[in-house]
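Take a look at this one chain, the form predicted on its own, written out in structure tokens.
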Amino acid sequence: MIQFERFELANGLKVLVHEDHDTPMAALNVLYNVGSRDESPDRTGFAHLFEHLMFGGSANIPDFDAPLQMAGGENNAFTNTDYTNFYEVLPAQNLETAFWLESDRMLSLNFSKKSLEVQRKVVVEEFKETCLNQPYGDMWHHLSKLAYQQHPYRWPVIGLVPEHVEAATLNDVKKFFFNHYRPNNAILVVAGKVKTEEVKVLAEKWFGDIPAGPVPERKLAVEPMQTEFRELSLDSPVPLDALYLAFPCPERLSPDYYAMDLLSDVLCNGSSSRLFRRLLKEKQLFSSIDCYHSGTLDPGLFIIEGKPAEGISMEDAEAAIWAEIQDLIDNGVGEMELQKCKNRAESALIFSELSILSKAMSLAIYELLGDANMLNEEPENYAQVSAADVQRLAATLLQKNRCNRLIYKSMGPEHVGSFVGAEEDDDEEGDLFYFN
């Protein structure tokens, strides 16, 4: 059970405080309710670009990292489809440094041509490195385009093409910032060796005067129900053939989310899971295999991916996956098998509560979902899932007429590594921040 206090400033900033006096450290986490789903189709990659721009300096702090390092802290950030998250971890007695840093860039981000050019270059190089010059790096580009026809999840977080970020102007950047990076569109969480009353004073001191903004109403296109099989096969300079089967799945707040999460564990999480044990270990049909879901706020994707073992055809490998799916649909899951997955989920929740940073992040995310106390209800939500729930989800979710199949066909050893731009020698390095 994670205890916390919640209050809200007059400008709409939501603040949560978790006191943990067993550590000398404190974590400050700021979550902005903006992700790649808030971008325009011709201006993709902006949320990720802003993750970088937020480290480019502000009115009173030209170098974000230097003051934090002097205070003994560290920081990072990540962007995904639904939100952008920034955090600092530092000795609790220096917590005010983190308040100063985060409030200054929320109020007065440095909008300069130089900052834009520097961060633009970092983002474009990251696009090349992770998407164009890495085996299977463009997977999300192809899979998203297959699975989504209307919803903005149809482009990946890093953007559709680097040209969108390259074409961004200062006016584009300013508009995006003042539309989304406002206190009334953010959640601030402080965890660690702190006192709630002290955090209230610091929050009011550093964030209270930042004006609220008119956050645009989110009007996202609703993705029509998929009723036909979709496929794409690519000849690519990858080392091994690869198969991806993606199915539309429930959103994070769906009552079926927990059964779906356990279904992915039953199929492929751990050495005793079905696909890993039967197809990789016993039958040796795959050299690697995995199953996961996107966990997005809007309906997402449930994905099974694998690389057939040497000498195994793509057709035989895929047929084996479908046979395992059908077996699960026909015969269900055993109580002991399901309980093992529940225990694993509960252990993951417990381990996530060992770090003050993890607790701060989790509280922010659950507050975004509607109520941070949902975090404390998760063990019971998993415990209530029945074997019948998992079997029902398998039958309704894993249908061939709702499948999006992506296949990478290796062009052979002589082509491996011949990706776009792979021959370029780039001696410049940038600080790369995480994106999902």
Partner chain sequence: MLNRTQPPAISQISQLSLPPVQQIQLDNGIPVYVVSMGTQEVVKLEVIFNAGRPYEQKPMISRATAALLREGTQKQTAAQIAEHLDFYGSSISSPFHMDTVNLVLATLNKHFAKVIPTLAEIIQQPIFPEHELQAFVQRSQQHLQVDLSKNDVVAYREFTALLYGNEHPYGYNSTAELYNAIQRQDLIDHAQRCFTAANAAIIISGKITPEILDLLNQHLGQGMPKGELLAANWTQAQTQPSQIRIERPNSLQSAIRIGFRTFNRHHPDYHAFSLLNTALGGYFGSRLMANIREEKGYTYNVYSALDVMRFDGFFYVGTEVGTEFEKDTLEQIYLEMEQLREDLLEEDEWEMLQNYLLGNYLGVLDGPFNVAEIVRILHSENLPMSYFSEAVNAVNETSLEQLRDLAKKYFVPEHMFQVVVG
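Residue numbers count along the first chain shown, from 1. If you're wondering where the values come from, they're calculated on a predicted model, not measured in any experiment.
Quick note: we don't show the form predicted together with its partner chain, though the next part is all about it.
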Open item on the list: Given the stretches 87-95, 147-155, 317-325, 223-231, which is the single one in contact with its partner chain in the predicted bound form, using a heavy atom cutoff of 4.5 Å?
Closed with: 87-95
- [ ] Identify whether its partner chain in the predicted bound form is within 4.5 Å of every residue in the set 256, 373 and 408, based on non-hydrogen atoms.
- [x] no
Open item on the list: Quick check on residue 15: any heavy atom within 4.5 Å of its partner chain in the predicted bound form?
Closed with: no
Open item on the list: Is residue 114 near its partner chain? Define near as a heavy atom within 4.5 Å, in the predicted bound form.
Closed with: yes
Task: Any non-hydrogen atom of residue 340 within 4.5 angstroms of its partner chain in the predicted bound form - done: yes
- [ ] May I ask you to state whether residue 60 is within 4.5 Å of its partner chain in the predicted bound form, using heavy atom distances?
- [x] yes
Open item on the list: Between 236, 294, 80, 103, only one gets a heavy atom within 4.5 angstroms of its partner chain in the predicted bound form; which residue is that?
Closed with: 103
Open item on the list: Quick check on this chain: which one of 215, 240, 201, 329 has a heavy atom within 4.5 Å of its partner chain in the predicted bound form?
Closed with: 240
Task: Interface residues of 240-272 toward its partner chain, as seen in the predicted bound form [heavy atoms, 4.5 Å] - done: 240, 269, 270, 271, 272
